[in-house]
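As structure tokens, one chain now follows by itself in the form predicted alone.
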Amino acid sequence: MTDRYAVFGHPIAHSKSPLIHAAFAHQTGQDMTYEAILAPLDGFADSVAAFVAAGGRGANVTVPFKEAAFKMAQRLSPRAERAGAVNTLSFAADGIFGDNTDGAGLVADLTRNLKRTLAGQRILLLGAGGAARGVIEPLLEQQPATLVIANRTLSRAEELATLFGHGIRAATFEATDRPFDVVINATAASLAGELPPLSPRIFGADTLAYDMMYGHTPFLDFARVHGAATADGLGMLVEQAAEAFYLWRGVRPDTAPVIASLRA
């Protein structure tokens, strides 16, 4: 019997996850299907329960349900527990297991695909919401020289700096005006086609500006104009999907050809 998987979100029609997991399944010879499911804003838990009752084995979770998925899981991976959000669910006889593969996906894209060493680097993380929280610990594991969290509201950035420790500094967007080696946009501004109030001085000649959203964004345009190298989050999307696929199937797919086909 073919195993069923899905991604839940609202909206969800734009999701590339079904394409990505279909490519992984074909590449690795896995007998599975993967679909996109639009869950009502007030009906996420019911939608997941119906999917499990119909034989669902696992699911990805995207905006705006990652915190609801965190609360739904009966067991959590350490990285999901620290992130306070879940993007991958696995359904078994002993209950629902929740994981967060976003940070692993980001680090894999930066270090493996983009060949960027993060050890000893000065990293600026823009935003203090769930997207930022999910990637802080994997970034810290790379042992950067500096990690600064900048946010519109300073108190939100300070909360994360206190929670994760390791000498993280908190700042407002406006107060951040020196160059960094890597600048990662984890704000929701790109979703709305907007740009956080950033100083161009955060970009130096060797800066990599990375947007966790994929596609054309105002942040990447701004960074490019001010001399930074740029990358969008398509590689991160594929890499976090590969991490989820490995959790479900025990097989690690080759991400490079999938990223290349999506780019094409």
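For clarity, every value in this text was computed on a predicted model and none was experimentally measured. Residues carry their position along the shown sequence, with the first being 1.
The same protein has a further form, the form predicted together with a small molecule, not shown here; the description that follows concerns it.
- In terms of contact with the small molecule in the predicted bound form, the residue from Ala188, Leu114, Ala175, Leu163 that brings a heavy atom within 4.5 Å is Ala188.
- Contact with the small molecule in the predicted bound form, defined as a heavy atom within 4.5 Å, holds for exactly one of Arg75, Lys71, Arg169, Arg152, namely Arg152.
- No residue of the trio Arg57, Glu81 and Gly98 has any heavy atom within 4.5 Å of the small molecule in the predicted bound form.
- Partner contacts here mean any heavy atom within 4.5 Å of the small molecule in the predicted bound form, and among 116-124, 136-144, 179-187, 88-96 they occur only in 179-187.
- Taking non-hydrogen atoms only, Glu159 never approaches the small molecule to within 4.5 angstroms in the predicted bound form.
- For the chain shown alone, Ala131 is a contact residue for the small molecule in the predicted bound form, at least one non-hydrogen atom being within 4.5 angstroms.
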